[in-house]
Every structure is written in C-alpha cells, then in structure tokens.
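One chain comes next, on its own, written out as structure tokens in the form predicted alone.
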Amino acid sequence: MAFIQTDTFTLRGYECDASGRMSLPALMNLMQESANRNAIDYGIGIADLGQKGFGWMLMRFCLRMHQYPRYGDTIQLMTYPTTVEKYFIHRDFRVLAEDGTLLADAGSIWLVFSIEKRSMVPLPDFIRQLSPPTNVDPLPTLPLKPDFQIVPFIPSETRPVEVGWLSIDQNQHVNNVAYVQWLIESINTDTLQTREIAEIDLVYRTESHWHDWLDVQTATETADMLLHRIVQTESGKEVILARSQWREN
C-alpha cells in the first residue's frame, strides 16, 4: 500500500525569524516530523528501525523556497517516498499555502545505517518492498555528488561550534537540522538582514556526536551563492557540504 502524508500547521512565533518569516530550521523540523509520520504508516519509522538495530540517516537534501510563509499563516505539508533503490530511498516534500500556492519543495535521499557498527548498510527487504505513490509528480532526482563538491573552497570565515546535548537526536548523533542552523548563524549580518535563502543544497558526509568540536566555514562563490563546509576540528574530516542561493527580501 502507498501512503502520502499530509499535515496542516499554523505557524507559531518561535518558528519564525526576526522578520516574521518562517525559519528554515523550523520548516525542516516540520518536514522531518511529517516524514517520520509517513514512515510509521509504512512500518519503517524511527522506532521500527531501532527495534531491528538500524537507523535513518539523511544523505542529500535540497530545499527551494518559492515564497516564505509568515507568522500566523496556515500551511499544508505533504511528503512521500518516490524511489527505492538498493542503498537509498528518495523522498519529496511540498509546502502549500491555504489557497494552494506552492511555497516550497524539497528533494531528499536517505540511507540506513547499522546502530552497532555505525556504518551504512543496504536497505533491508522490509524497506525495499514498500510501494511509493504513483499519482504524484516526483521532483528531479538529486545527484549523489553535486558539482559544488569540487568547486574550490577558500573559507572567508570559520566559526567553532561545540555539539551540545540538544543537537543530538534518537540516533545519538547530531540532528540534520542543527547543521543548517549553524550554517545560517555563520552568515554575515548584512546578508541576514537584507536577503533571504532561495535555495539550499546539502550533502551530509558523516555523523558527529555530543561534545565534538566542529568548524563552520563559509566561502563566497558568486554574488548570490555561498559555499559552506562543516568539518571536524581535530581531524579536518568533512561532516557537511552545502551551497546556498540568496535573493533580496
């Protein structure tokens, strides 16, 4: 059986930024909640995997903001799997206004890891056998290795971050949304006050844990594009790579 998750949310004050727009971390948290509700219907929720010694890990995420909802607005969030492969499952998200206007959409790629070995494993059969909806129009498939991975990266700013307790999820590693908040917080003041993110494209490379020290790095690619890296301070190992596109408010 195929399932499409549809949730309705009215934006609360703590989900919005200083300008009254919904913040990207708040939106991503709601997306993650809806995704898990959808996964539960399929029998592959966080708890379902945990009982079998597995966990979900996000590998790719690309979010496009067409129009930001604001405080008090009611939005409809839809999510569903689109493709199931040997190692990856693809999931789309769509965010609609009350009048049906498309506010945002996102594509994502997820993998399963062994909790004991902390390493990726092929998707178990009970996941590979699920049936994605057929009455949807999937977003373009995200490349596993986007081109910004090989763009020369010369950081203009580096900020250290220590992983705190509230950044850790049930899989005992940093929640994927925490990284996005750190990336945004590292942007210069003028950009944050006069511009907004039109698109953010993320590659999650490895996990990090409580009390780890990370370096959040930013580089300018073009007038409208920033590149981001989060690396482990001690080893220099890449944790996340990203590109953000900005536009005037």
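Here the structure is a predicted model, which means the values were calculated and not measured. Residue indices: 1-based, along the sequence shown.
If you look for the form predicted together with another copy of the chain, you will not find it shown, but the lines that follow are about it.
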**Asked** Would you say all of 12, 23 and 185 touch another copy of the chain in the predicted bound form, counting a heavy atom within 4.5 Å as a touch?
**Response** yes
**Prompt:** Which one of these stretches, 170-178, 74-82, 93-101, 133-141, sits within 4.5 Å of another copy of the chain in the predicted bound form when only heavy atoms are counted?
**Reply:** 170-178
**Message:** By the heavy atom within 4.5 Å rule, which residue out of 207, 41, 33, 221 makes contact with another copy of the chain in the predicted bound form?
**Reply:** 33
**Message:** My question is simply whether residue 238 lines the interface with another copy of the chain in the predicted bound form - judged by any non-hydrogen atom within 4.5 Å.
**Reply:** no
**Message:** Does any part of residue 116 reach within 4.5 Å of another copy of the chain in the predicted bound form? Heavy atoms only, please.
**Reply:** no
**Prompt:** Taking the shortest heavy atom distance, is residue 37 within 4.5 Å of another copy of the chain in the predicted bound form?
**Reply:** yes
**Prompt:** Would residue 51 sit within 4.5 Å of another copy of the chain in the predicted bound form, counting heavy atoms only?
**Reply:** no
**Asked** Can you name the residues of 146-168 that have a non-hydrogen atom within 4.5 angstroms of another copy of the chain in the predicted bound form?
**Response** 159, 162, 164, 165, 166, 167, 168
